[in-house]
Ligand code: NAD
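Have a look below at one chain only, the form predicted on its own, in structure tokens format.
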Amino acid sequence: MVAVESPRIRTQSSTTTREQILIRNPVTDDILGHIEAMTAEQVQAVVARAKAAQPAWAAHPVKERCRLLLKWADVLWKHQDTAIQRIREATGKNAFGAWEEVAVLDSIANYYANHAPQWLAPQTRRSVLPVKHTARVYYKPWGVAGFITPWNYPLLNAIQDMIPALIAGNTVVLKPSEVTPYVASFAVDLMHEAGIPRDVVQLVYGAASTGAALVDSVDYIAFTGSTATGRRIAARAAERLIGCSLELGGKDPLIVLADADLDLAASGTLVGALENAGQVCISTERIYVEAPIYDAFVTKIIDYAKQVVVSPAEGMEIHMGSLTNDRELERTEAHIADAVAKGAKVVYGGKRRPDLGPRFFEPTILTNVDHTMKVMTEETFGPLVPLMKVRDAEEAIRLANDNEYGLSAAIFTADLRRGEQLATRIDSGDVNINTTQWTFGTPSLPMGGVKNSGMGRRNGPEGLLRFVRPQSVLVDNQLMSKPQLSLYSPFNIRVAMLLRRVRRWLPMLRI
């Protein structure tokens, strides 16, 4: 599955030689092509074109911008087989995981197309002097929104936040991961095919220096990636006084209560931990099981792990594909070694699968783990399932919160009301009950982190409104106005005092 190199990715220069970045298929190690890292000057030129195009794009009615994004979603859906192929050859993930990226994007586009015109419409607010003043809020785009996106979901993570940004009237400059640039270029080409002007959506290519140049040029920056890089981006955005949103690292806990259905909890835990070989920001990375069911749960999850199909083959029956980078593979092994050295036991898996490809690793279940081990405290980004026995739900909640991250979490229980009550006590941006990761795939629910997992939200109204700046407009109709040299006239004071008393009894006059 070797892709033909896209000529749009290549940038030529007769006077300088820029860094060449090879793009490889992680399963076969075949070279898919290469990109040339863009200089700061080239990034600035791209952003300048986006700035020039932004007023005309923002002048389009919101419904027209929505129509174009829906048209793009339809084109992507039509070409989903090609999209799946591009994603798989770039990441090594299974076919279902690649299809999922297309499906979630389609849902997001439809969600915002249905709701954005209402949310972005001018809003009338109540004023202090309702007869004399009218008050409205208008939502204006930032200008040029920049996006720096990761490799693990090269289509979904690249495009999902661009959709509300574009609908809000911003133009967009995207820097996809240098590991998976061809997926983003394919999606953006389809946007242009759907009628979105070329200068409205553009790409820049390269690694860290290209990303830094983008942060230095745009009016808003959205970043998905590591906490360390996110901190630097936030600091630079603060220096420039531009808006930013950051979805960063996670170490997502899952709690199995004693009343849980063991089959559903065990299989659901594996789904949460092994999706994209564990290379998910909201991957289940540490599991707390109440003591009365711990041994039975270990037996169940091993039984289900034996049924997990790991393969580079095509087909929706494959449960897990390859890791994408050597870095994640080596970190996975290092976390296992650290845990075993401190007393953990590997009860299933634990080895590479070179017979399948250079970066395949077995789903791995560990027991006897605790918080002295990296596997329970540091982000792994690999197919590990560490199981820790806890006395009760109280200890599980305490341990779930004993971490620098707070992105997502899950609870398995038969008592749905209790589960929801416990969910509100977990320090995370979202909690799933009796499932995992579905918040991410639900466009109406805001998703994002607390603590070191980031700031800002994607999806929901919050995911759209972060891409606009509210502008308040107050209109004085000059009713009974006379020239005066102070903000309040004696008449206005009397009216204000009267309104204060009346508003206690008439809700329609309250601010």
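Keep in mind the model is a prediction, meaning the values are calculated, not measured. Numbers follow the displayed sequence, beginning with 1.
What comes next is about the form predicted together with the named molecule, which does not appear here.
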Open item on the list: Using a 4.5 Å heavy atom cut-off, which of 364-372, 132-140, 86-94, 216-224 contacts the named molecule in the predicted complex?
Closed with: 216-224
Task: Contact residue in the predicted complex, chosen from P181, G382, G429, G250 - any heavy atom within 4.5 Å of the named molecule - done: G250
Task: Option touching the named molecule, based on a heavy atom within 4.5 Å in the predicted complex, out of V188, C281, M376, L254 - done: C281
TODO: Spell out, yes or no, whether the shortest heavy atom distance between A207 and the named molecule in the predicted complex is within 4.5 Å.
DONE: yes
Task: Partner proximity in the predicted complex: R458 to the named molecule, non-hydrogen atom cutoff 4.5 Å - done: yes
Task: the named molecule contact at I148 in the predicted complex, heavy atom, 4.5 Å - done: yes
TODO: Flag G211 as yes or no: does it have a non-hydrogen atom within 4.5 angstroms of any non-hydrogen atom of the named molecule in the predicted complex?
DONE: yes
TODO: Could you tell me if all three of G272, T413 and Q437 have a heavy atom no more than 4.5 Å from the named molecule in the predicted complex?
DONE: no
Task: Contact set, 403-417 vs the named molecule in the predicted complex - heavy atom within 4.5 angstroms - done: L407
